[in-house]
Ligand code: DGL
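The chain below stands alone, shown as C-alpha coordinates; this is the form predicted on its own.
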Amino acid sequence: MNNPQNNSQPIGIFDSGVGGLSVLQHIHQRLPHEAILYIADSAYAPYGCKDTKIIKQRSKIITEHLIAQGVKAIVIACNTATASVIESFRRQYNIPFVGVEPGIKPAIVATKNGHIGIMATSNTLSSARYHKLSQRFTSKVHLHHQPCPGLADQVEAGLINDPKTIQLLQIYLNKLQQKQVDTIVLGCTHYSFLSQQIKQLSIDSMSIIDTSSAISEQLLYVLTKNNLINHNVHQKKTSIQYFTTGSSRKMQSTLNCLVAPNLSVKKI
(Lines give C-alpha, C1' and ligand atoms only; values in the text may rest on other atoms or scores of the structure.)
Protein backbone atom coordinates (compact mmCIF):
# COMPACT_ATOMS: atom_id res chain seq x y z
CA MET A 1 0.00 0.00 0.00
CA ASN A 2 1.48 3.34 -1.03
CA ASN A 3 0.67 5.55 1.96
CA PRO A 4 1.29 9.28 2.30
CA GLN A 5 1.66 8.61 6.03
CA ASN A 6 4.90 8.28 7.97
CA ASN A 7 5.66 6.44 11.18
CA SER A 8 5.91 9.52 13.41
CA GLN A 9 2.31 10.54 12.79
CA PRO A 10 -0.44 9.76 15.34
CA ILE A 11 -3.03 7.00 15.28
CA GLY A 12 -6.65 8.11 15.06
CA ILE A 13 -9.32 6.33 17.11
CA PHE A 14 -13.01 7.14 17.13
CA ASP A 15 -16.23 5.88 18.66
CA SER A 16 -19.70 7.26 19.12
CA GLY A 17 -18.64 8.10 22.66
CA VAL A 18 -16.35 6.84 25.39
CA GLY A 19 -16.68 3.10 24.73
CA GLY A 20 -13.63 3.11 22.50
CA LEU A 21 -11.51 4.22 25.42
CA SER A 22 -11.36 0.54 26.40
CA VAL A 23 -9.70 -0.08 23.03
CA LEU A 24 -7.41 2.92 23.44
CA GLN A 25 -6.12 1.60 26.76
CA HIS A 26 -5.06 -1.70 25.20
CA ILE A 27 -3.49 0.06 22.21
CA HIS A 28 -1.50 2.37 24.48
CA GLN A 29 -0.25 -0.60 26.51
CA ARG A 30 0.74 -2.53 23.39
CA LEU A 31 2.15 0.44 21.47
CA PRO A 32 3.40 2.84 24.16
CA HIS A 33 5.47 4.96 21.77
CA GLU A 34 2.57 5.87 19.50
CA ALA A 35 0.78 9.22 19.69
CA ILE A 36 -3.02 8.94 19.63
CA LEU A 37 -5.92 11.22 18.75
CA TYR A 38 -9.21 10.00 20.21
CA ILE A 39 -12.54 11.42 19.09
CA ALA A 40 -15.82 10.71 20.87
CA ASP A 41 -18.76 11.68 18.69
CA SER A 42 -20.70 12.29 21.89
CA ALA A 43 -23.17 14.70 20.33
CA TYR A 44 -24.57 11.69 18.43
CA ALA A 45 -23.94 8.91 20.96
CA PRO A 46 -24.74 6.13 21.06
CA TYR A 47 -24.68 4.93 17.44
CA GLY A 48 -26.42 1.69 18.37
CA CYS A 49 -29.90 3.20 18.20
CA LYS A 50 -29.27 5.57 15.25
CA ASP A 51 -30.36 5.20 11.63
CA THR A 52 -27.63 3.65 9.46
CA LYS A 53 -27.57 6.75 7.24
CA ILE A 54 -26.66 8.94 10.23
CA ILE A 55 -23.96 6.50 11.36
CA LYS A 56 -22.38 6.60 7.91
CA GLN A 57 -22.54 10.40 7.76
CA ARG A 58 -21.02 10.86 11.19
CA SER A 59 -18.31 8.25 10.59
CA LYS A 60 -17.35 10.01 7.36
CA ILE A 61 -17.15 13.41 9.06
CA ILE A 62 -15.01 12.08 11.92
CA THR A 63 -12.78 10.06 9.59
CA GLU A 64 -12.08 13.03 7.33
CA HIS A 65 -11.36 15.22 10.36
CA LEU A 66 -8.79 12.68 11.59
CA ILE A 67 -7.20 12.45 8.15
CA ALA A 68 -6.98 16.26 8.07
CA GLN A 69 -5.11 16.08 11.40
CA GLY A 70 -2.50 13.85 9.76
CA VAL A 71 -3.16 10.44 11.30
CA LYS A 72 -1.38 7.46 9.79
CA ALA A 73 -4.08 4.87 10.57
CA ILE A 74 -7.63 4.87 11.93
CA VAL A 75 -9.20 2.50 14.44
CA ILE A 76 -13.00 2.44 14.31
CA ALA A 77 -13.50 1.52 17.97
CA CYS A 78 -17.21 0.91 17.61
CA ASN A 79 -18.91 -2.33 16.55
CA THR A 80 -21.88 -0.50 15.02
CA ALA A 81 -19.75 1.91 12.97
CA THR A 82 -17.40 -0.88 11.88
CA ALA A 83 -20.32 -2.91 10.60
CA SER A 84 -21.73 0.10 8.75
CA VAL A 85 -18.70 1.69 7.08
CA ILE A 86 -15.35 -0.06 7.29
CA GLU A 87 -15.54 -1.95 4.01
CA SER A 88 -16.50 1.14 1.99
CA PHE A 89 -13.97 3.33 3.84
CA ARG A 90 -11.14 0.95 3.02
CA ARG A 91 -11.98 1.43 -0.64
CA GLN A 92 -12.54 5.17 -0.37
CA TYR A 93 -9.57 6.37 1.69
CA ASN A 94 -5.87 5.72 1.19
CA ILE A 95 -5.18 4.95 4.84
CA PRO A 96 -5.21 1.72 6.88
CA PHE A 97 -8.34 1.00 8.93
CA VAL A 98 -8.79 -1.39 11.85
CA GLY A 99 -12.30 -2.18 13.05
CA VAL A 100 -13.95 -4.19 15.79
CA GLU A 101 -16.39 -7.07 15.66
CA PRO A 102 -17.89 -9.45 18.24
CA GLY A 103 -15.37 -12.11 19.30
CA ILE A 104 -17.22 -15.22 18.20
CA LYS A 105 -14.07 -17.18 17.34
CA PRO A 106 -12.50 -16.94 20.83
CA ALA A 107 -15.93 -17.63 22.32
CA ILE A 108 -16.08 -20.94 20.44
CA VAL A 109 -12.78 -21.91 22.04
CA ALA A 110 -14.04 -20.91 25.50
CA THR A 111 -17.53 -22.46 25.48
CA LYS A 112 -18.09 -25.88 26.98
CA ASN A 113 -21.74 -26.43 26.05
CA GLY A 114 -21.85 -24.59 22.70
CA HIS A 115 -24.27 -21.87 23.85
CA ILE A 116 -22.82 -18.39 23.35
CA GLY A 117 -24.53 -15.12 24.19
CA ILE A 118 -23.82 -12.02 22.11
CA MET A 119 -24.48 -8.77 23.97
CA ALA A 120 -24.55 -5.94 21.44
CA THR A 121 -26.57 -3.04 20.07
CA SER A 122 -29.55 -3.70 17.83
CA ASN A 123 -27.76 -2.07 14.88
CA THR A 124 -24.74 -4.34 15.23
CA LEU A 125 -26.87 -7.49 15.46
CA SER A 126 -28.98 -6.53 12.44
CA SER A 127 -26.06 -5.47 10.22
CA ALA A 128 -25.10 -7.40 7.09
CA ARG A 129 -21.49 -7.59 8.27
CA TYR A 130 -22.47 -9.24 11.55
CA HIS A 131 -24.91 -11.58 9.78
CA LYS A 132 -22.10 -12.72 7.48
CA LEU A 133 -19.79 -13.24 10.48
CA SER A 134 -22.30 -15.19 12.54
CA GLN A 135 -23.36 -17.39 9.63
CA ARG A 136 -19.82 -18.80 9.47
CA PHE A 137 -20.24 -20.36 12.91
CA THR A 138 -23.90 -21.33 13.29
CA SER A 139 -23.17 -24.95 12.38
CA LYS A 140 -20.66 -25.19 15.25
CA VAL A 141 -22.42 -23.42 18.12
CA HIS A 142 -25.70 -21.86 19.19
CA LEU A 143 -25.51 -18.04 19.11
CA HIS A 144 -28.05 -16.28 21.32
CA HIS A 145 -28.38 -12.62 20.41
CA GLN A 146 -29.18 -10.14 23.16
CA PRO A 147 -29.70 -6.49 22.20
CA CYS A 148 -28.97 -4.23 25.17
CA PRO A 149 -30.80 -0.91 24.75
CA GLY A 150 -29.83 1.71 27.29
CA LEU A 151 -26.61 0.06 28.42
CA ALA A 152 -24.22 2.15 26.31
CA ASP A 153 -25.99 5.31 27.51
CA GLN A 154 -25.23 4.38 31.12
CA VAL A 155 -21.55 3.87 30.37
CA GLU A 156 -21.48 7.08 28.38
CA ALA A 157 -22.60 8.90 31.52
CA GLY A 158 -20.01 7.09 33.65
CA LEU A 159 -22.76 5.33 35.61
CA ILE A 160 -21.21 1.86 35.65
CA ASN A 161 -22.34 1.07 39.21
CA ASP A 162 -25.63 2.93 39.06
CA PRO A 163 -28.73 0.93 40.13
CA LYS A 164 -30.25 1.38 36.67
CA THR A 165 -27.13 -0.06 35.04
CA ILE A 166 -27.19 -3.08 37.34
CA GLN A 167 -30.91 -3.55 36.70
CA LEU A 168 -30.40 -3.51 32.93
CA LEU A 169 -27.54 -5.99 33.21
CA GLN A 170 -29.64 -8.31 35.35
CA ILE A 171 -32.45 -8.28 32.77
CA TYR A 172 -30.16 -9.02 29.83
CA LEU A 173 -28.04 -11.60 31.66
CA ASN A 174 -31.09 -13.43 33.01
CA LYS A 175 -32.40 -13.83 29.45
CA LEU A 176 -29.09 -15.32 28.35
CA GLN A 177 -28.76 -17.60 31.37
CA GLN A 178 -32.26 -18.95 30.69
CA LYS A 179 -30.83 -20.19 27.39
CA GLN A 180 -28.03 -22.08 29.17
CA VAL A 181 -25.36 -19.70 27.87
CA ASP A 182 -21.92 -20.37 29.38
CA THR A 183 -19.96 -17.78 27.38
CA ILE A 184 -20.78 -14.13 26.77
CA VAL A 185 -19.31 -11.98 24.01
CA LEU A 186 -19.19 -8.23 24.66
CA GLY A 187 -20.21 -6.93 21.24
CA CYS A 188 -19.99 -3.24 22.09
CA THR A 189 -16.85 -1.45 23.26
CA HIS A 190 -18.88 0.40 25.90
CA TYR A 191 -19.62 -2.91 27.61
CA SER A 192 -15.93 -3.51 28.34
CA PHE A 193 -16.24 -1.08 31.23
CA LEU A 194 -18.94 -3.34 32.71
CA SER A 195 -16.88 -6.54 32.70
CA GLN A 196 -16.60 -6.70 36.48
CA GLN A 197 -20.30 -6.04 37.00
CA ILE A 198 -21.16 -8.75 34.46
CA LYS A 199 -18.87 -11.23 36.23
CA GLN A 200 -20.47 -10.45 39.58
CA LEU A 201 -23.98 -10.95 38.21
CA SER A 202 -23.17 -14.13 36.26
CA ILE A 203 -22.57 -17.68 37.41
CA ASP A 204 -18.97 -18.43 38.39
CA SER A 205 -18.28 -20.63 35.38
CA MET A 206 -19.31 -17.95 32.85
CA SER A 207 -16.61 -16.89 30.35
CA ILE A 208 -16.54 -13.24 29.26
CA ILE A 209 -15.03 -12.46 25.85
CA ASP A 210 -13.76 -8.92 25.28
CA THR A 211 -11.87 -8.30 22.02
CA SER A 212 -10.25 -4.97 23.00
CA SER A 213 -6.86 -6.64 23.44
CA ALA A 214 -7.11 -8.42 20.07
CA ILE A 215 -7.71 -5.06 18.35
CA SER A 216 -4.36 -3.77 19.59
CA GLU A 217 -2.65 -6.85 18.15
CA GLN A 218 -4.40 -6.33 14.81
CA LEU A 219 -3.32 -2.68 14.78
CA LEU A 220 0.28 -3.72 15.47
CA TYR A 221 0.07 -6.11 12.50
CA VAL A 222 -1.40 -3.44 10.20
CA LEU A 223 1.16 -0.79 11.19
CA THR A 224 4.03 -3.25 10.77
CA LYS A 225 2.73 -4.36 7.37
CA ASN A 226 2.59 -0.75 6.18
CA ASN A 227 5.94 0.27 7.74
CA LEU A 228 4.18 2.73 10.05
CA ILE A 229 5.49 1.67 13.48
CA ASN A 230 6.99 4.52 15.49
CA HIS A 231 10.50 3.31 16.29
CA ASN A 232 11.32 6.19 18.63
CA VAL A 233 11.68 3.87 21.62
CA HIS A 234 13.49 6.58 23.58
CA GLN A 235 10.43 8.81 23.55
CA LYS A 236 9.63 9.36 27.24
CA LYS A 237 6.09 10.60 26.94
CA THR A 238 3.58 9.88 24.21
CA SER A 239 0.75 12.23 23.42
CA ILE A 240 -2.85 11.10 23.85
CA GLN A 241 -5.30 13.83 22.94
CA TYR A 242 -9.01 13.53 23.69
CA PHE A 243 -11.72 15.29 21.67
CA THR A 244 -15.51 15.28 21.73
CA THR A 245 -18.27 16.68 19.56
CA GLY A 246 -20.43 17.02 22.66
CA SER A 247 -19.81 18.61 26.04
CA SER A 248 -16.13 18.59 26.98
CA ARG A 249 -17.07 19.00 30.64
CA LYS A 250 -19.38 15.99 30.52
CA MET A 251 -16.80 13.81 28.79
CA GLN A 252 -14.11 14.92 31.21
CA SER A 253 -16.34 13.84 34.09
CA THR A 254 -16.82 10.43 32.44
CA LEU A 255 -13.06 10.09 31.87
CA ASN A 256 -12.55 10.73 35.57
CA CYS A 257 -14.82 7.76 36.32
CA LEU A 258 -13.60 5.36 33.64
CA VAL A 259 -9.96 6.15 32.91
CA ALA A 260 -8.08 8.65 35.06
CA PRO A 261 -8.61 12.03 36.73
CA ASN A 262 -7.57 15.38 35.31
CA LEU A 263 -7.44 14.40 31.64
CA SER A 264 -7.96 17.29 29.24
CA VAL A 265 -10.77 17.12 26.68
CA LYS A 266 -11.21 19.50 23.76
CA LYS A 267 -14.43 20.13 21.88
CA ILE A 268 -14.43 19.99 18.09
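This is a predicted model, so every value here is computed, not measured. Residue indices: 1-based, along the sequence shown.
The form predicted in complex with this ligand exists for this protein as well; it is not shown, and the discussion that follows is about that form.
Engineer: Does the 4.5 Å heavy atom contact test between residue 154 and this ligand in the predicted bound form come out positive?
Structural biologist: Result no; residue 154 lies far from this ligand in the predicted bound form.
Engineer: So in the predicted bound form, is this ligand close enough to residue 124 to count as touching (4.5 Å, heavy atoms)?
Structural biologist: Yes, residue 124 is a contact residue.
Engineer: Answer for residue 78 alone: is it within 4.5 Å of this ligand in the predicted bound form, judged on heavy atom distances?
Structural biologist: Result yes; residue 78 sits at the interface with this ligand in the predicted bound form.
Engineer: How about residue 188: is it within 4.5 Å of this ligand in the predicted bound form, going by heavy atoms?
Structural biologist: It does: once this ligand is placed as it appears in the predicted bound form, residue 188 has a heavy atom within 4.5 Å of it.
Engineer: Mind telling me which stretch in 60 to 68, 200 to 208, 41 to 49, 218 to 226 gets its heavy atoms within 4.5 Å of this ligand in the predicted bound form?
Structural biologist: Going by heavy atoms within 4.5 Å, the stretch is 41 to 49.
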